[in-house]
Structures are given as C-alpha cells and as structure tokens.
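Before any questions on binding or motion, here is one chain by itself as structure tokens, the form predicted on its own.
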C-alpha cells in the first residue's frame, strides 16, 4: 500500500501533494510501469484523507499520462521516462559555495509533460519513419506552422497566414536573421533596462544598438529619434513587468509607419500573466511589425524551438534572399510539437502551469509578508509573470545588498543590474525574484532564511 506523509502547505491543496508524491515515485522508478494502484477508497482510508482527495490526484495523474484508468479494473502506472538515481551526497568540505545558494536569478520550467510528449514522439516515429531523416524546409514544417497559426488565433486573437511563419532554433537564431532582413545599416533600439543577451546578439551581427529610455508606460517614442528598428516587449517587459498601454502602443505604431521604421514585438512570457489576459498583439495592426515568440518558457529551453511571424513584404524578401538557409530544428521535434499543439495538450499544459505558478507565487508572497523583515520589504509588480520585484528599505548599495544576500545563502540580481548604462536612483534597492524553477524544498529554505 502506498504510504506518504501528507502535510498541508500554503497554496498547495492536499490532492496536489498526493499527486506529487505518486508522480515522484513513478518518475524515480519506485512504481514501475504496469503497477496497479490501490483503489481510491482503499488509499483514502489508508492515508486518512477523503476519497475526493485521492480521486482528484488520480485524475491529475491520468490527465498527464502517468497512470491509465481501466474501467471496472483500476488504475495502472504508464510507461514513462524515469529519472536517474540521485548521486551520493558530496562531503560538506568539498561542496562549492555556489552549490548551497538558493538561486533567484533565473527561471526554469517546474514541470514537463514527459508522458504525453514521449507518446507523441512514438506516434511521429511510426507515422513518418524515414521521412524524418530528410532536410526540413527553411521556414519549418507546414503542419507546425499551421498549428502555431491556430494557437495564435485562439490565444492572442491574431490572424496569421502559416506561410508567413518561420521556425527557428530558439529566438537567438531568429534575432540573427533580423539584421539581414531589416538592414545591418539600421540602428536597433532596445529597452532600457532590458535583457542583455539581445544586445550582444545584435552587436555581434554588426548592427549599432541604442538603448531606449522607458517610463511607467514603456518605451518613450522620443527616445527613438535615431533608431530605425525597435525591439521591445509591449505585453510584458522584463524585468520591470510593465505592460505598454494602448495610447503608448498607438504612438509607437505611428512612429513605425510614418518613418518607414520597424517594430520587433517580442512576446516574452505572455502566457503567464495572472491578473488579466494579454493585451492584443501589435502584429496585424501595422505592416511594420515582426512578431517573435518561443516555447522556451512554456515547455523547456532545451527544446530550442522559436518562431517568427513576418509581414508579407518581409516574407517575400526572406524567400528571395534568405531561402537558402536550412531548417534549424529537427523534423522529429517539429512534428511532435505540431501534434502537441493541435491535439490541445499545449493549452492544457499552460492552464495547469498557470495555476501552479500562481500558487507558487502566492506562497512566496505570503512568506515575504509574514517574515520579520516585512516592514522593510515592499512587493512590486506581483502579477508580472514568472518574476516579481521586492523593494528593500536599506542603506546598503545594490552591490552591498547582493553581497549581503550571498552571505545569507541567496543568489540575487537587482533591477539596476539590467541597465546597460548608469541606473537611475528609482531602480536601486529592488530585487528581481525569479521563482518558476523553485522546488518545494527551495521554498522552505527561503522561508528559513527570511525568518533568520
């Protein structure tokens, strides 16, 4: 009989705690494929929980493909890819300082639908066979482009021709195409503060990069005097969490159209806002907008699959001048993702992860608001997707604050560090908290650190 010590935790229902325990045993191989699970009633009695709790946990496991319900027989463990056994503990004397740090500087997917993904991969192998060994079109497979167009129509309200979509190995590859399409002689403007890697990619591609000043509504149009291309994230800026409102969007669209300029709309992290639905995309409101997104945050960065939607005029230029590029994503992954999207698995995964991340965020906010330092901590942009900002009332400089946190076991990054130039005073003493990759033990560790 399955035996677990179930404890209620803030923001985590009891059924989810049970679901995680059983899922962990399946992934570790402790519950091998074919194992029959106890009946809902028997397990409820054994664990001293309600039958509804067990039923909800089983339904979640079944929905994700970890177990298979057989009518009038019971529930059986499905064949899934098991996780490797943990390595032996390293003696304390050999542990590097970084190993014990709680990292709040990066995000990582909390879950991946391994069972569903592997099942679709098997189907693709059987259906396509040797066709998967053939080179892919430079724009990507048509099935995936059609699935992405349908997804954008349903989730973002965008009417996109699949023929105008380019599939690439992550956004890095797509960023590199843009100077070739838009002109290496043009000045590219990036948000200030912003993601430093984009600056490096464009600079390495040989274009001049300017930083566009922002206010509380996003990029200031007057800061684009010399620029011909604006690369920004109007629906969810990182790291500030700013959502560009309608009037500012209209001003930037006017800038793009009147001066024959271009906007690159980077729809970063748009799936994980919790307060409202994302605002309508800029793509389609002007023929001067390029749309870019990826599945790195929503699925996994290792899949390396991004996409770019070009307006018809740029797509014609791509076909005329850059069609010689080989497809950069394997057909195996493209066909698998096409089925994952078209069969509704992606939508279910996003809904599930949105609930999980909201719960995780609420957990952290509760811990911060209940800690002894609560009077010196102010939470800002709590609905900014997979991160939020904590303002610290301290006389320390940001460098000193970072060093102090390291001493406590926290690896942090301040808002001021995302500025390419001198950071303004209002950006000081603000910690950018990335939380999607935190596990349950990390949350408990953070709570212990803040309690001091």
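Quick caveat, the model's predicted, so the values are computed rather than measured. Numbering follows the first chain given and starts at 1. Under this definition, the rigid core comprises the largest set of C-alpha atoms superposing within 1.5 Å between the forms.
What comes next is about the form predicted together with a further copy of the same chain, which does not appear here.
Undergrad: If contact means a heavy atom within 4.5 Å, which one of 130-138, 226-234, 148-156, 256-264 is the stretch that engages a further copy of the same chain in the predicted bound form?
TA: Selected range: 130-138.
Undergrad: May I ask you to choose, among 359, 330, 285, 213, the residue with a heavy atom within 4.5 Å of a further copy of the same chain in the predicted bound form?
TA: Result of the distance check: 330.
Undergrad: Here the chain is shown alone; which of 105, 363, 121, 342 has a heavy atom within 4.5 Å of a further copy of the same chain in the predicted bound form?
TA: Contact with a further copy of the same chain in the predicted bound form is made by 121 alone.
Undergrad: Please determine whether residue 180 contacts a further copy of the same chain in the predicted bound form, using a 4.5 Å cut-off between heavy atoms.
TA: Judged by the heavy-atom cut-off of 4.5 Å, residue 180 is in contact with a further copy of the same chain in the predicted bound form.
Undergrad: Within a 4.5 Å heavy atom cut-off, is residue 355 in contact with a further copy of the same chain in the predicted bound form?
TA: Residue 355 lies outside the contact set for a further copy of the same chain.
Undergrad: Is there a heavy atom of residue 319 no more than 4.5 Å from a heavy atom of a further copy of the same chain in the predicted bound form?
TA: Contact check for residue 319: yes, within 4.5 Å of a further copy of the same chain in the predicted bound form.
Undergrad: I'd like to check something about residue 274: if you look in the predicted bound form, is any of its heavy atoms closer than or equal to 4.5 Å to a heavy atom of a further copy of the same chain?
TA: Output for residue 274 is no: heavy atoms all beyond 4.5 Å of a further copy of the same chain.
Undergrad: Looking at a further copy of the same chain in the predicted bound form, which residues in 154-184 have at least one heavy atom within 4.5 Å of it?
TA: Contacting residues: 163, 169, 172, 173, 176, 180, 184.
Undergrad: Spell out whether the Cα of residue 57 moves at least 2 Å between the shown form and the other one when the two forms are superposed on their rigid core.
TA: Comparing forms between the shown form and the other one, the residue 57 CA shifts at least 2 Å.
Undergrad: For residue 40, is the CA shift between the shown form and the other one at least 2 Å following rigid-core superposition?
TA: Yes, the C-alpha position differs by at least 2 Å between the shown form and the other one.
Undergrad: Since the C-alpha distance between residue 20 and residue 411 changes by 3 Å or more in the predicted bound form, give its direction relative to the shown form: closer or farther.
TA: Closer: residue 20 and residue 411 approach by 3 Å or more in the predicted bound form.
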